[in-house]
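A single chain, nothing else alongside it, follows as structure tokens in the form predicted on its own.
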């Protein structure tokens, strides 16, 4: 299969616009402000798949004319999400410049195939978000289904992966997965979605920079004229003014080999650090439970023999793993001090 990028552009290709098109005034006012930042691609969701019923599910086809007007007024290219052949049929009436397939759709091969079949004979570029799960073959399979249907212009959107574990970001980045996709399809356009990945506007700037350091081609950033009043995902949307600041401060390097190499290693370190914190959190929770047990059974908090066993075991394993013994000893001692502190009754703190 051939992999063709999304046209010619200067890195980064930036796509911005609200999570949802809510009404004509909101969409046009956001678009005019986004245009002033220099962004050339405007996004807005028309159909919003919600986890639970009762939430705002988008304006649907009613927003198509608003998107068309955005293009006429600002000159920006327009794109929206399609999840079914029926969506595609309606969107094609306004000749969209791009489309994207959402994470929930990518997760369902039947849905992807239905859209791929409906796209036969068209030339609109398609961006494919990663699936909800960290199954790279689902993502790769979606690309292949679209390619087999004759879609020649395909790109990827990395928006992070859903996990049940506690984490800082709304969706875990798992940066190694998009890096593997880029290895499989070297010339495919790779775009980062920091809004869905972080789930908070506070994370958008650092995620954008990290994506640039990993040589991503572009960014999709949810931008709303008044985020606090947004009908969906307001916590992860920023104002056009904030978008302008983020883009101005973004460092875009072109020395791809060196930056990509260290960027990938840094990503792996970030993920390992996250795992370390999760393990520490779980260990301290168990320490609290042990403290309660000791309190109930009147067992002393500090037990010298047990502490000696922990130290000896750690030093022995450090030798086996080629780790500095003094460093490991200092880490274990710090962890043990915190564990003891958590087990002490309040009066002893």
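Numbering follows the first chain given and starts at 1. On a predicted model such as this, the values are computed, not experimentally measured, just so you know.
Only in words, not in the display: the form predicted in complex with a small molecule, which the text now covers.
How about residue 19 - does it come within 4.5 Å of the small molecule in the predicted bound form, if we only consider non-hydrogen atoms? Output for residue 19 is yes: heavy atoms within 4.5 Å of the small molecule.
Counting only non-hydrogen atoms and a 4.5 angstroms cut-off, does residue 104 reach the small molecule in the predicted bound form? Yes, contact at 4.5 Å.
Does the 4.5 Å heavy atom contact test between residue 217 and the small molecule in the predicted bound form come out positive? No, residue 217 is distant from the partner.
Spell out, yes or no, whether the shortest heavy atom distance between residue 100 and the small molecule in the predicted bound form is within 4.5 Å. Yes - in the predicted bound form, heavy atoms of residue 100 and the small molecule come within 4.5 Å of each other.
Pick the stretch from 309-317, 41-49, 28-36, 281-289 whose residues have a heavy atom within 4.5 Å of the small molecule in the predicted bound form. Every other range fails; the passing one is 41-49.
Considering 210, 145, 182, 196, which brings a non-hydrogen atom within 4.5 Å of the small molecule in the predicted bound form? Only one option qualifies, and that one is 196.
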